[in-house]
Ligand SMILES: NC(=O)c1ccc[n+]([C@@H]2O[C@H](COP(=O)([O-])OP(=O)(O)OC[C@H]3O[C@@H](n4cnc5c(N)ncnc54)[C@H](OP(=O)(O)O)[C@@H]3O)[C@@H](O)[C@H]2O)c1
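Just one chain follows, in the form predicted on its own, and it is written as structure tokens.
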Amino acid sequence: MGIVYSVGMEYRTLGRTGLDVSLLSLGTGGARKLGQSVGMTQADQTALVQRALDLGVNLIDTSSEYGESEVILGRALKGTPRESYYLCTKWPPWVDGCLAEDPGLLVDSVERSLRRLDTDWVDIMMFHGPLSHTYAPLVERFYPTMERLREQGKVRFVGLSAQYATEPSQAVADAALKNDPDKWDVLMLKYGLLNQSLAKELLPLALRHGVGVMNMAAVRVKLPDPALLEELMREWRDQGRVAAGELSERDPLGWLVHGEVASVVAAGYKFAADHPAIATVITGTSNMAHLEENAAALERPYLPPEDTRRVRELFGDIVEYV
């Protein structure tokens, strides 16, 4: 059995991988870590994963450092045909805060992930969160090992994820796309309503080189929390980043909610998907209702043109960890 496509879900090609991936993908990191931080049982976690598959999600993202997420997924997917979904996992190349030295650590991590996920291969294997100043030694030290893992059939495609909290510009992606675009099949980047800077150069560059982009954390922390969002908009107004009078004090992005846009969160998902370089937007929710709402938001993955234009005018030049 191969990939099954859902009528309500849009699918896009993940760059040169040729994989047709669901526009909404399921993440197992973030604050919830597939429900680990809120005490979900394996039965609840399995139900969430299976509901995502029912909704048409066919790409699941995890990492060796997301607690027990890989083990949980291995159990949740047991009995589901392996060819019917894609798995992305990651390895953080750090030891005591410094770039690791031993390529064997990458091999050990991949082997451990395969055991925990109960699978023979990983569709996308990423270096998790390298910074721009570690990019060159990372490639020299570890990329040949990743290639051998690919040759052995344990890894199908190779990528890296940006560490936007430490490096909001996500400059490691700039280094990857400008120095070695042929090495990277997939990049995991953060792009959204409040983080638009990648649209200026990096996303067009990824599109030009056929590098697939997975959009992470596009709707996290500030957008779903009205109080935090109001506070952020006040800060940006006080700093002169947003002109006074452009947005209301209360519910500053409420003007986005109309017509087919059910909420500010839905607006965030729609905007996050409305760029041709973005193949999939990751949702890290552990809430079944939120999962369904996010999937519904991406059935029409775009805002009205006039709202998109205003959002870009308001926030397009801001580079900040949000």
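Given the structure is predicted, the values throughout are model-derived calculations rather than measurements. Numbers follow the displayed sequence, beginning with 1.
One more form of this protein, predicted in complex with this ligand, exists but is not displayed; see below.
Colleague: Since the chain is shown here on its own, which stretch among 219 to 227, 103 to 111, 197 to 205, 149 to 157 would lie within 4.5 Å of this ligand in the model of the complex, judged by heavy atoms?
Modeller: Of the options given, it is 219 to 227.
Colleague: If we define contact as a non-hydrogen atom of the residue within 4.5 angstroms of the partner, is residue 43 a contact of this ligand in the model of the complex?
Modeller: Residue-level check for residue 43: no, no contact with this ligand.
Colleague: Does residue 29 reach this ligand in the model of the complex if we count a contact as any heavy atom within 4.5 Å?
Modeller: Heavy-atom contact with this ligand at 4.5 Å: present for residue 29.
Colleague: Closest heavy atom of residue 265 to this ligand in the model of the complex, within 4.5 Å or not?
Modeller: Contact with this ligand, yes.
Colleague: Is residue 125 a contact residue for this ligand in the model of the complex, using a 4.5 Å heavy atom cut-off?
Modeller: Answer no; every heavy atom of residue 125 is more than 4.5 Å from this ligand in the model of the complex.
Colleague: Can we say 12, 213 and 301 each have a non-hydrogen atom within 4.5 Å of this ligand in the model of the complex?
Modeller: Verified in the model of the complex; spot residues all out of contact, no.
Colleague: Only one of 193, 176, 72, 162 has a non-hydrogen atom within 4.5 angstroms of this ligand in the model of the complex; which is it?
Modeller: Filtering the options by heavy-atom distance leaves 162.
Colleague: Looking at 260, 293, 274, 68, which has any heavy atom no more than 4.5 Å from this ligand in the model of the complex?
Modeller: For this set of options, the contacting one is 293.
Colleague: What are the residues of 273 to 312, in order along the chain, with a heavy atom within 4.5 Å of this ligand in the model of the complex?
Modeller: Residues within 4.5 Å: 282, 283, 284, 285, 286, 287, 290, 293, 294.
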